[in-house]
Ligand SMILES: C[S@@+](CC[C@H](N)C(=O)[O-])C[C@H]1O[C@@H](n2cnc3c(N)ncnc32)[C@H](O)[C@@H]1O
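Only one chain is shown below, in structure tokens, and it's the form predicted alone.
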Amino acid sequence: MSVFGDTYARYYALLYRDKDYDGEADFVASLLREHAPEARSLVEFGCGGGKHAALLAERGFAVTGVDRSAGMLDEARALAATHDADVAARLAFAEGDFTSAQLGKTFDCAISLFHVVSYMPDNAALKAAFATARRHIDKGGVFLFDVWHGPAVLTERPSTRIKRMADERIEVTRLAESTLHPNECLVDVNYQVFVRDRSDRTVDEIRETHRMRYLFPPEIELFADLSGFRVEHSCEWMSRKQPDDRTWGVCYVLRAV
């Protein structure tokens, strides 16, 4: 099964129902207003089901969400349709890959959230993603994203995790077991997902592997420079603290030069 395929999209909203999307949208909007106060339009690469996009549209931004999963984009469009007309008018979605998208227009800012940049497993993919972001940002605009922070991954090491969620129709149990590849700066997160239908008690099983790249600040600086950016700001995701070897998620703001 492909990562973020149509079947996965059916369970994504339930698995992340407890995620603080409102708080994250406030955090992103505040950083954008600090570093690009005149920004009105933005493109989100890896928009998934569109929750961040919709919340940022509520906060006044015109957002174009890009994702390679048709199932996720169906969810995003359905969510947009539930909003007031003025918010829905500020939302658009397009199918495309972060490493190659060609939207034919530029934006004030670009964002990529929920560790999408860490899904770029090698230098070629990472360079292509940064180039895509730069291609879609006006000079002087910013690119905001978050990644797995290398020092924390190597200090704490990925652990086995179990998550259980349920709604009125299904119960989902997800087991995550990770394999660290330190020479490649990669972690294979192996998911085994059991989905139980509450009406007939049947159980479906899904297996997939998410290959995640953890990154160090000098790497970000290098790829930024190669792609026409400079690093303007970094902080711990949500807290704004200075990152250290216990900080798994780091947010970067790059300036297009």
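Just count from 1 along the sequence shown to find any residue number. This structure is a prediction, so every number in the text was calculated from the model and none was measured.
Below, we turn to the form predicted together with this ligand, even though it does not appear here.
Peer 1: Any of the heavy atoms of residue 148 lying within 4.5 Å of this ligand in the predicted bound form?
Peer 2: Contact with this ligand, no.
Peer 1: If we define contact as a non-hydrogen atom of the residue within 4.5 angstroms of the partner, is residue 68 a contact of this ligand in the predicted bound form?
Peer 2: It does: once this ligand is placed as it appears in the predicted bound form, residue 68 has a heavy atom within 4.5 Å of it.
Peer 1: I'd like to know if residue 43 sits close to this ligand in the predicted bound form, meaning any non-hydrogen atom pair within 4.5 angstroms.
Peer 2: Looking in the predicted bound form, residue contacts with this ligand do not include residue 43, since no heavy atom lies within 4.5 Å.
Peer 1: At the 4.5 Å heavy atom threshold, is residue 116 in contact with this ligand in the predicted bound form?
Peer 2: Judged by the heavy-atom cut-off of 4.5 Å, residue 116 is in contact with this ligand in the predicted bound form.
Peer 1: Only one of these stretches, 79 to 87, 153 to 161, 117 to 125, 137 to 145, has heavy atoms within 4.5 Å of this ligand in the predicted bound form; which one is it?
Peer 2: Going by heavy atoms within 4.5 Å, the stretch is 117 to 125.
Peer 1: Heavy atom within 4.5 Å of this ligand in the predicted bound form: which residues of 29 to 60 qualify?
Peer 2: 44, 46, 47, 48, 52, in sequence order.
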